Every structure is written in C-alpha cells, then in structure tokens.
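Okay, here we've got a single chain as structure tokens, the form predicted on its own, with questions on binding and movement later.
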C-alpha cells in the first residue's frame, strides 16, 4: 500500500529568518514541482509555501527514500545546507499526515486560529500541482476531502466569528454600536498602519464618505485618494465632528487631539447622534473622559486588545469542535484508502470467476439445444450467482470487518484463488 508523507517547517518550529531561506515564490513553485517529480520514490506531490510554513506533501511506495529525496530537493533548490534546517523539520506519515493537512486547511494550526487565508493558499498549491501533472488519485482525493473538511469546520464552528486583530476588533465594536455600518461617515486622524487597515475593513462593510486629517496635508491627501475620500486640514478637525460617525485616530501627538470639552461643544450640533472613537495611538489621542458624554464611545488600544484576548479564547474553545470534525474525516479517508487497496484484488477475483463461469456456461449451451431466450436467462442467473458469491468476500476485503492487517487478507485471497498466475 502506498504511503502519504508530509514534511515541512512552520512558525512553531523555525524563525522567519530560516523560513524565508527555504520559501518558494509563486513564480518558482511550478519549476520546483517539475524538479521534485524527477526524484526517486515520489509518485505524487504538492508544495505549499506561505509566510508561516513550507510543506511538501508526498505519495510514495517507499517513505524513507521519498523523505530523503524531499530533504535534498529543498536544500539543493534553495541552495541551503540540509544541516541548517533539518532539525526544524517535522515529518508526518499516514493518518498523521492526513490529519495535519486537514488541520492546516481548517486553520486549526495557524498562528491565529480561524484566519481564512490559508485555505485559498492551499487551493492555489493544489491547482499548481494539477497543472504540473504531479498530483494523482491519492492527492486529488485528499485535497477534495480537505476542502470539504475546512468548509465544515468553518460553518459548524465559530472559529472565524470573532475578531482577533486590532482593526477587526475595532469594526466588531462599531457594529455593536451602530448595527449596520452602511453609509456611516469616517474621519481618519493621522496615517497609522492599523488605522488604515481599520478604514479598509469599514469600507468593506459599506462605510462611506472617508475624510482624512493629517498634520502634513500632502500625506493626508495621498491617503484620502486611496480611499476615494477627502483630505482636510488638521485645523478643520472640530468642524468635521459635526458629520462624522466613526473617528479613527493614530498620530504621534504627545497630547490629546480631541478633548472632552471640544466634543461636548459639538453634541447639540450633532443632535445627539452616536459618535464612536477608535484610539489606536500610544500616547492616546482621544481624551478618555469623552466616554462620559451621552452617546459617545471611546475605545483605546488596551480596550481593543481585551476584546481580542476574549475572542482568541472563544476561537480556541470552538477549535475543539473543529478537531472532532478533523478526527472523523481522518478515519473516513483511511477507510477510503483501505478500500482503494482492495479494489485490484476484488476486480481480479470477479474477473476470474466470470471467466470460469462464462467458459462453463458456453460449454453447456453448445452441447444442448437451448433457445436464445433460455440462453440469456442462464447468463442472467450466472451473473446473479457471481454477485451473491462475491458479496460477502467483497465486504470483508473492503470494510473494517477485517481484524488485523488488511494486507494479509488481500494476500491470502490472491493465493487462495491463484489470482497472480
């Protein structure tokens, strides 16, 4: 029976300095697969390379030879000594390799549990393997089951429901305050990276009318154009409070950009509409006393981190359900592989019985004056007998009713019926 082997390194076993040394780009992955399939012991292969992991999935008739070939391939292709990364490699075989693939695709093995990008990366890796004609029956089946398992984990658990990044957490809080973010007006103060990401998420949630206030007007104008928004001068900040719904601030100011008194003075002009502040700056830009004003909500970086920590715990609890789905899928895939190994023997056994029956039936039909109609009836009866005779042996060879190593049953069947002669 062929073996499934996976070897690789990831964020848990190797620092980024090492991972980037053996990473494969989108451009050279195809070239790498062309090179990999010429190595001895490798029947099928798939290569996955992301910022957090580099993994080679193999189908082989000789695991030890395939593992050695894959190690040398990684070293030679990337021009790096094997000794530099061998201790960081993990190697999985059989069920453990299958389980690893399912867990990675389901984002149960990610740096952030539940992140959705990895499934798309695996789909791209599989597409490349099929285009290079280095995937076969085993990898094709395994990857299709992988996509199914990942979808089940995503839909039947809550591992992707809660925000686990600063920008996502900010949007989650905004939804709690406003419900629907459609049409909400955003004021961005400063041009910090996290604030920019938060605006991108807001736009995906159909927020609109983006205004950018920055001490350097030119920088603000550049960022505003990115979001099809409007740049305003920092001196116009207070006037912008009249129309804004969500304010995201990320500057390097040593003191508050917006104070309690300034916001209080705008409440009547705003007609008491809710105002949501996301303060991602350290030191803080937004006076926390603004929280005391009715319908004004201020969240700083620590508040957002607290949300994230709670959500990470929630995702980890949901991940337990995901592990159960993966375990079930591993068992089902193993059963399929075992059945696949039995198929040639079952097919040979049926062919032999049908050949013997056909010879005997034809001999009987030739020696007796039997009508065409009766001859067809005899053939139908013979096929029915063969199906009934083969039913129980087929079930034993295919299903888990075999006690011990199924290969022993296959070997005995081939010897009993002399299928190899």
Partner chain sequence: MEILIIITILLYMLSAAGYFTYLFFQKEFLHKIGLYLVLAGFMCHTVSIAGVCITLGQIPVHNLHQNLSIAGWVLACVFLIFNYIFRLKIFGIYAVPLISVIMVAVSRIPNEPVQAKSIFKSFWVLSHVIAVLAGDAAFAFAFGLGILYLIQENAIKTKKPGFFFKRLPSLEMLDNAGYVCIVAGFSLLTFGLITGFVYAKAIWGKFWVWDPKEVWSGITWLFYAALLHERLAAGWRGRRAAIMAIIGFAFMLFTYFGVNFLFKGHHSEFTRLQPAETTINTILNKDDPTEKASD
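For the two forms, the rigid core is made up of the largest set of C-alpha atoms that agree within 1.5 Å on superposition. Numbering follows the first chain given and starts at 1. All figures in this text were calculated on a predicted structure; none of them were measured in a lab.
Same protein, other form: the form predicted together with the partner chain, not shown, and the subject of what follows.
Not one of 183, 185 and 205 is positioned with any heavy atom within 4.5 Å of the partner chain in the predicted bound form. With the partner omitted from this view, the residue of 347, 133, 292, 225 that lies near the partner chain in the predicted bound form is 292 [heavy atom within 4.5 Å]. Only one of the listed residues (95, 338, 310, 209) places a non-hydrogen atom within 4.5 angstroms of the partner chain in the predicted bound form, and that residue is 310. Using a 4.5 angstroms threshold between heavy atoms, residue 303 counts as touching the partner chain in the predicted bound form. Put simply, residue 160 is far from the partner chain in the predicted bound form: not one heavy atom of it is within 4.5 Å. Contact check for residue 233: no non-hydrogen atom falls within 4.5 Å of the partner chain in the predicted bound form. The partner chain is not shown here, and in the predicted bound form it never comes within 4.5 Å of any heavy atom of residue 214. Only one of 69-77, 233-241, 146-154, 168-176 places residue heavy atoms within 4.5 angstroms of the partner chain in the predicted bound form, namely 168-176.
Along 327-341, no residue reaches a heavy atom to within 4.5 Å of the partner chain in the predicted bound form. A displacement of 2 angstroms or greater separates the C-alpha positions of residue 268 between the shown form and the other one, with the rigid core held in common. Once the rigid core is used as the reference frame, the Cα position of residue 181 differs between the shown form and the other one by 2 Å or more. Comparing the forms between the shown form and the other one, the C-alpha position of residue 109 differs by less than 2 angstroms, with the core used for superposition. The Cα-Cα distance between residue 16 and residue 302 is shortened by 3 Å or more in the predicted bound form relative to the form shown here.
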